[in-house]
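Heads up, the chain shows up twice below as C-alpha cells, two forms, tagged structure 1 and structure 2.
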Structure 1
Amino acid sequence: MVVALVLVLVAVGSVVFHLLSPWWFTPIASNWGYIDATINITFWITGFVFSAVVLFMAYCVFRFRHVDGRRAAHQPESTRLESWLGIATAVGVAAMLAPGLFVWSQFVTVPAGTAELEVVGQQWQWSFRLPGKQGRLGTSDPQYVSADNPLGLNPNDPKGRDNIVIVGDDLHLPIGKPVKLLLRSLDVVHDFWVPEFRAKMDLLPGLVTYFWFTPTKVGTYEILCAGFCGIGHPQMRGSVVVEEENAYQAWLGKQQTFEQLTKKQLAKK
C-alpha cells in the first residue's frame, strides 16, 4: 500500500515539479530556437513514458502484492505484446530523432557568405581575432606566441597584418548576421559556450573547430568555459555584446590591428 502510494507520488511529483519549476532555459538570443523545440518534444514523450511505467508499477504493487493464498499467473512471454511494445518505442524514438537530425543538418551547414572570426582560448581567458580590410584571417601557430604576439599569428603572413586582435576585452557582434566562429586553443581543451546562444563547441590545441549561429537579440551575454581546463576553469569568463550595425561599426573602428599592436609594443621597448 505504502509502496504503491510512494510510487504514485514519485510519478506525479516529478511531473508537478517539472510544470512548476522556476528553473528553465535562459531566454534564447540566437537562431537555434529549434533546439528548444526539440527539447520540449523530448520532454513530453519521455515524461509520458516515465509516468506510464511508474504508475503501471504502482498499480501492480497495489493489486498483486502478496496476500495469503495468492499465486502468480504463469505467463512466461508474449512475442506479440513484446513486438508491439518494441514498435511503439521505435516510433517514439523516431519522433524525437527526426526533428533532432533535421536541426542538426542545419547546424552542420554554414550558410554561404557567413562572416568568420576566430576565438582563441588559453588558461584562463578568451581572446578574439577578426579579419581586417582584406577580409581574411592570416595563419597562426602556437610557436609564434610571445608577449608581443599573444595569439601566435604568423608574422610573415601578409594576410594576418590587418587582422583585428582583441585580448582581454569583449567581443561585439552585429545583430541578425550569421557568424561562424573558428575555435582554437593555445594550450588545453576549452569550450566556448554562451547559454543564450544554446550551441557550444570545444577548442583544442592543434586543431581549428567551428560552429555558427545568428545572434537575434541585443544585449550582453556571458561566455562560460564548458570544457574542464584546470583550476581556473570556472573563472574563464568573457562577454559577447550583440548590438545594432552602426554601434558595431563604431566599436570595430576603435579596435587595433595586429600590425598596430606589434608596432606599439616595439615602440614601447
Structure 2
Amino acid sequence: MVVALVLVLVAVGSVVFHLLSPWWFTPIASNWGYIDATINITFWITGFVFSAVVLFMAYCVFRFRHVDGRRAAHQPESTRLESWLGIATAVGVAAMLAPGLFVWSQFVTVPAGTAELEVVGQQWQWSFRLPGKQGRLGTSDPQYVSADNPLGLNPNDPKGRDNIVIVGDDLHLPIGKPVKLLLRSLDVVHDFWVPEFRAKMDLLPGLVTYFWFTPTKVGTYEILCAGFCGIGHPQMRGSVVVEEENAYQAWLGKQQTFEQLTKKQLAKK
C-alpha cells in the first residue's frame, strides 16, 4: 500500500510541479513560436505516458499485492493487448514527429528577398560578415585566414571588398526583417544559439549551414555556443542587438569594410 501511494504521489507531484514551475521558456524574440508549440506537444504526450505508466504500476502493486491463499495466474502473452499498445505507441510517436518535421521544413525554407549575413565561429569568439552596398557576400576560404584577414575572405573577389567585417563584437539586426544566417567554423564544431530566438544550428568545419528567422522584439540577446568546443567553451559568448531601422543604419555606418580593414593593416606595416 505504501509503495502504491508513493507512485501515485510521484505522478501527481510531477504534474503539479510542471504547472507551478518557475522554469518556463524565456520570452520569445523571433517568429519561431512553432518551436515552443512543438516542444509543448512532445512534453504533454510524454508526460501523459509517464503519468499513465506510473499510475498503472501503482494500481498493479495495490491490486495484485500478496494475499494469503491467492495464487498468481501466468499469462505469457496477449495479442490484443500487444496490438493496442503497438497502435498507441505508433500514434504517439507520429504525433511527436509530425510537428517537428513541419517546423524543420519552415526552418530551412528561406523566404524570397531575405537578407543574408555570415556567422563565423572560432575558438572562442563569434565574428560576423554583412554584405556591403552591393548587397552580396564575397567568397571565402580557410587558406586566406591570417592575422590581417581573420575570416578568410578571398582578397581577389571584388564582391567581398565592401563586405562589413565584425570580429569579436556585437551583431546588430533591424527589427521585423527576415534574415538568413550562413554559418561556418574556422576550427572545430560550434553551435550558434540564441535562446530567445528559439533558433540554433551547428557550425561545421568545411561546410556552410544555415537557418533563417525574423527578429520581433527590440532588445539585446546573448549568443551561446551549444556545442562543446574546448576549454574556453563557457566563455564563447556574444550579443545580438535587435533595434529599430534608424538605429541599425546608424550602427551600420560606423562599421568597417574588408577593404578598409585591409588598408589599415597595410598602413601599420
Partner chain sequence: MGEVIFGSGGVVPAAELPDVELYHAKTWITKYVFSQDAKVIAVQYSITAMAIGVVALVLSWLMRLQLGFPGTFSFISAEGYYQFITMHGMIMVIYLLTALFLGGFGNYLIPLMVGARDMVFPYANMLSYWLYLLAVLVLVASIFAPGGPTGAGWTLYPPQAILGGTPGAEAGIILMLLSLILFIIGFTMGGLNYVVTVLQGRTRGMTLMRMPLTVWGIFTATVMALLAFPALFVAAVMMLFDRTLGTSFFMPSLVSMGEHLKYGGGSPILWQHLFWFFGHPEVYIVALPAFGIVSDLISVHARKAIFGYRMMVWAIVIIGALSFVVWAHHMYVSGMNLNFGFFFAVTTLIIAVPTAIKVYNWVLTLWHADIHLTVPMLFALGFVVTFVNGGLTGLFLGNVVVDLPLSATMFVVAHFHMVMGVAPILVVFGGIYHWYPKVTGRMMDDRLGKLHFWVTFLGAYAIFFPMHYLGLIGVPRRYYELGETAFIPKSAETLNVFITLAALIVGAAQMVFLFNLVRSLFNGRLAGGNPWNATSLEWQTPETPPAHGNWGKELPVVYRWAYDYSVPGAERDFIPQNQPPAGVAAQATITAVSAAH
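Everything quoted here is computed from the prediction, not taken from an experiment. Basically, rigid core = biggest C-alpha set you can superpose within 1.5 Å across the two forms. One-based numbering along structure 1's sequence throughout.
Of the two forms shown, structure 2 is the one predicted on its own, while structure 1 is not. Core-aligned CA deviation for residue 99 between the two structures: 2 Å or greater.
Relative to the superposed core, residue 80 undergoes a C-alpha shift of no less than 2 Å between the two structures.
With the core held fixed, the Cα of residue 146 is displaced between the two structures by less than 2 Å. Relative to the superposed core, residue 90 has its Cα moved 3.5 Å between the two structures.
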